[in-house]
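First, one chain by itself in structure tokens, the form predicted on its own.
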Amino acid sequence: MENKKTKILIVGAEALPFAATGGLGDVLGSLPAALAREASDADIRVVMPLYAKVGAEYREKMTKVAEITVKLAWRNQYCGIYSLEKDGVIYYFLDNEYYFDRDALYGFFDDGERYAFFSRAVMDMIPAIDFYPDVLHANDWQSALTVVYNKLYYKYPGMKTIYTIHNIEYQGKYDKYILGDVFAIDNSDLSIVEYDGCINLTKGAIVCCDRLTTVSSRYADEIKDAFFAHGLENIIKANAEKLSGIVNGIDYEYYNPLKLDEKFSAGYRTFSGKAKNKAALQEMLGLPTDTDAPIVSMISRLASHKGFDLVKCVLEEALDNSDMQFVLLGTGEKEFEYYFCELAAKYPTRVRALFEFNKELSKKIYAGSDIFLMPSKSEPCGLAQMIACSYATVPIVRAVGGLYDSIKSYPAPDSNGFTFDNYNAHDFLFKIYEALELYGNTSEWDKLTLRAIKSDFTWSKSASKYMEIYSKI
């Protein structure tokens, strides 16, 4: 008799390669496939909105599975359910053009209503497709209401829920007077989602879920502290017994130096391709082709919590006291864009600032750089430091969140980068100087870059830990 498969439904607002804006999309694009590979006794499925951003190449492969009417408070809305299979995983896409046919994923005045509809539609989808999960795994505030709705109203028999916090800064906070009208929650249940005088969807999911996870072990400890928790520290501490942290992985098929024009890997015969990628990057950006000049890079959203105030304090000093070249790729706060524009004008042969979101260009910068900066004030997991390692680029990170869990500081025997503890500009600068000095010691630098590229950030380890949690609950 064939064993019954464990049925897992992963719910989230975005997933690569269909539509994504950041780390959540990376996770939902990679973790489900890793789960399917690791657990042959599990049926892994994912559901997300059918945004306008989902390309025709994927829409053409979709099958319409069902059509339902979703009741959200006084609204009765159409929802089409489409599916396609990718990497052993069935992805469902929920269609409603009023909510999802827009030129971006987020940032609209009615985001609360949009994702309340999405969450309600997920719950109504379950009987429509005849897939009753053993575990529903919701991710971030946009799908938090699936956990709340199941606990309060749907109560699907035997279905357990997991809620993953990818970044606790984004909680889904709204005026409590729209509780019934927008979120279709009875006033008698207000206490479930009320926190600090308003509706807080993340708080609701935390108290309603069976297990609570976040994206690194260090971050799981940090969010019990007011400095990191953005007001939710007391709720986190009250639910600490069901909290655990699992660090994310990266997609080595996508971030693969063997897919570059100038290939390289940890193997001795092909590692020389790293230098060719550096020369190609210098040529592409119009920088002097200087093998001895280390290229230091940042690829990031330009936001203060990413450590750019520290960068502003020390970068010119580092440029003035070394022959380093600096490359930035990213978009964000205008204050930082103006700063890097001025810096590039002041150092025209040594600094390049590229204000765009470009994944293909990012891979060229990772591959051609020697040192990668990530001095974050907070970082739930972080993927950039792992990607840098996969291209033998040495990261300098602050030992916080997932950066602490993934990067071990030189000169430790298992080091794959440099770390500093305090959120302090001079501690950061000291590590930059330490890395630049080591760069001049070719033998030691080569050993460090080899350890970096051999770092194991595959999804298989993370997937095994998730499957362990699924099994336990």
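Being a predicted model, the structure only gives us computed values, none of them experimental. Each residue number is its position in the shown sequence, starting from 1.
We do not show the form predicted together with a small molecule, though everything after this point is about it.
Taking 381, 122, 328, 138 one by one, only a single residue has any non-hydrogen atom within 4.5 Å of the small molecule in the model of the complex, and it is 381.
Checked against the small molecule in the model of the complex, the residues 215, 223, 296, 147 give one hit for a heavy atom within 4.5 Å, which is 215. Highlighted residues 27, 167 and 306: every one comes within 4.5 Å of the small molecule in the model of the complex, counting any heavy atom. When contacts are judged by a 4.5 Å heavy atom cut-off, residue 393 does not count as touching the small molecule in the model of the complex.
Interface membership of residue 248, defined by any non-hydrogen atom within 4.5 Å of the small molecule in the model of the complex, is confirmed. In the model of the complex, at least one heavy atom of residue 301 sits within 4.5 Å of the small molecule. Residue heavy atoms within 4.5 Å of the small molecule in the model of the complex occur in exactly one stretch of 171-179, 282-290, 68-76, 381-389, and that stretch is 381-389.
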